[in-house]
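Just the one chain here, laid out as C-alpha coordinates, in the form predicted alone.
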(Lines give C-alpha, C1' and ligand atoms only; values in the text may rest on other atoms or scores of the structure.)
Protein backbone atom coordinates (compact mmCIF):
# COMPACT_ATOMS: atom_id res chain seq x y z
CA UNK A 1 0.00 0.00 0.00
CA UNK A 2 1.30 3.42 -0.97
CA UNK A 3 0.52 6.80 0.54
CA UNK A 4 -0.62 9.09 -2.26
CA UNK A 5 -1.25 12.81 -1.80
CA UNK A 6 -3.11 14.89 -4.35
CA UNK A 7 -2.63 18.66 -3.97
CA UNK A 8 -5.38 20.90 -5.37
CA UNK A 9 -4.06 24.46 -5.82
CA UNK A 10 -6.10 26.17 -8.55
CA UNK A 11 -9.24 28.28 -8.62
CA UNK A 12 -12.19 25.96 -9.18
CA UNK A 13 -14.34 28.10 -11.46
CA UNK A 14 -12.07 28.73 -14.42
CA UNK A 15 -10.88 25.18 -15.05
CA UNK A 16 -11.93 21.54 -14.75
CA UNK A 17 -8.58 20.64 -13.17
CA UNK A 18 -9.93 20.52 -9.62
CA UNK A 19 -12.86 18.33 -10.61
CA UNK A 20 -10.46 16.00 -12.44
CA UNK A 21 -8.12 15.92 -9.43
CA UNK A 22 -10.98 14.74 -7.21
CA UNK A 23 -12.22 12.20 -9.77
CA UNK A 24 -8.70 10.84 -10.10
CA UNK A 25 -8.44 10.66 -6.30
CA UNK A 26 -11.58 8.51 -6.19
CA UNK A 27 -10.00 6.20 -8.78
CA UNK A 28 -6.73 5.98 -6.86
CA UNK A 29 -8.56 4.64 -3.80
CA UNK A 30 -9.68 1.60 -5.81
CA UNK A 31 -6.14 0.19 -5.83
CA UNK A 32 -6.03 -0.12 -2.04
CA UNK A 33 -3.68 2.82 -1.59
CA UNK A 34 -4.13 5.47 1.11
CA UNK A 35 -5.14 8.71 -0.61
CA UNK A 36 -5.14 12.19 0.92
CA UNK A 37 -6.38 15.30 -0.86
CA UNK A 38 -4.90 18.61 0.25
CA UNK A 39 -6.54 21.91 -0.71
CA UNK A 40 -3.96 24.72 -0.76
CA UNK A 41 -3.63 28.22 -2.14
CA UNK A 42 -6.65 29.03 -4.35
CA UNK A 43 -7.62 25.36 -4.23
CA UNK A 44 -9.24 25.95 -0.81
CA UNK A 45 -12.15 27.53 -2.67
CA UNK A 46 -12.96 24.06 -4.04
CA UNK A 47 -13.57 22.85 -0.49
CA UNK A 48 -16.15 25.51 0.34
CA UNK A 49 -19.91 25.00 0.16
CA UNK A 50 -20.11 27.10 -3.03
CA UNK A 51 -22.48 26.44 -5.92
CA UNK A 52 -20.23 26.31 -9.01
CA UNK A 53 -23.10 25.13 -11.21
CA UNK A 54 -24.53 28.67 -11.03
CA UNK A 55 -21.69 29.85 -13.28
CA UNK A 56 -21.49 26.73 -15.42
CA UNK A 57 -18.54 25.17 -13.58
CA UNK A 58 -18.54 21.47 -12.67
CA UNK A 59 -20.03 20.58 -9.32
CA UNK A 60 -17.89 18.51 -6.98
CA UNK A 61 -20.72 17.13 -4.85
CA UNK A 62 -20.39 13.50 -5.98
CA UNK A 63 -16.65 13.46 -5.38
CA UNK A 64 -16.98 15.04 -1.92
CA UNK A 65 -19.51 12.32 -1.05
CA UNK A 66 -17.50 9.44 -2.55
CA UNK A 67 -14.06 10.24 -1.13
CA UNK A 68 -14.93 9.74 2.56
CA UNK A 69 -16.70 6.47 1.70
CA UNK A 70 -13.42 5.34 0.14
CA UNK A 71 -11.56 6.35 3.32
CA UNK A 72 -9.81 9.25 1.60
CA UNK A 73 -8.76 12.07 3.92
CA UNK A 74 -9.38 15.63 2.77
CA UNK A 75 -7.65 18.56 4.43
CA UNK A 76 -7.51 22.27 3.76
CA UNK A 77 -4.50 24.43 4.53
CA UNK A 78 -5.41 26.92 7.32
CA UNK A 79 -2.96 29.64 6.19
CA UNK A 80 -4.45 29.49 2.66
CA UNK A 81 -7.95 29.72 4.12
CA UNK A 82 -7.04 32.68 6.33
CA UNK A 83 -5.33 34.56 3.49
CA UNK A 84 -8.47 34.19 1.33
CA UNK A 85 -11.02 34.77 4.06
CA UNK A 86 -12.47 31.25 3.77
CA UNK A 87 -14.45 30.50 6.94
CA UNK A 88 -16.41 27.33 6.14
CA UNK A 89 -15.61 24.05 4.44
CA UNK A 90 -17.75 21.21 3.16
CA UNK A 91 -18.45 18.76 5.96
CA UNK A 92 -15.92 16.11 4.92
CA UNK A 93 -12.92 18.45 4.77
CA UNK A 94 -11.00 19.44 7.89
CA UNK A 95 -8.76 22.46 8.30
CA UNK A 96 -5.14 21.68 9.15
CA UNK A 97 -2.10 23.72 10.04
CA UNK A 98 0.91 23.97 7.79
CA UNK A 99 2.86 21.52 9.99
CA UNK A 100 0.28 18.78 9.39
CA UNK A 101 0.24 19.55 5.67
CA UNK A 102 4.04 19.25 5.49
CA UNK A 103 4.02 15.98 7.47
CA UNK A 104 1.38 14.55 5.15
CA UNK A 105 3.40 15.46 2.06
CA UNK A 106 6.67 14.19 3.55
CA UNK A 107 5.02 10.89 4.50
CA UNK A 108 3.75 10.32 0.96
CA UNK A 109 5.21 7.86 -1.49
CA UNK A 110 3.65 9.76 -4.38
CA UNK A 111 2.63 13.45 -4.56
CA UNK A 112 0.45 14.59 -7.46
CA UNK A 113 0.11 18.38 -7.78
CA UNK A 114 -2.88 19.74 -9.69
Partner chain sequence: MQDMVIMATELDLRGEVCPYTFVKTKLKLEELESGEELIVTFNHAPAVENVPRSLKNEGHKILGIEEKGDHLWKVRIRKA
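In this text, all values refer to a predicted model and were calculated from it rather than measured experimentally. Residue numbers count along the first chain shown, from 1.
What comes next is about the form predicted together with its partner chain, which does not appear here.
- The shortest heavy atom separation between residue 83 and its partner chain in the model of the complex exceeds 4.5 Å.
- Taking non-hydrogen atoms only, residue 73 never approaches its partner chain to within 4.5 angstroms in the model of the complex.
- The closest heavy atom approach of residue 54 to its partner chain in the model of the complex falls outside 4.5 Å.
- With a 4.5 Å cutoff on heavy atoms, residue 63 counts as touching its partner chain in the model of the complex.
- In terms of contact with its partner chain in the model of the complex, the residue from 49, 27, 68, 79 that brings a heavy atom within 4.5 Å is 27.
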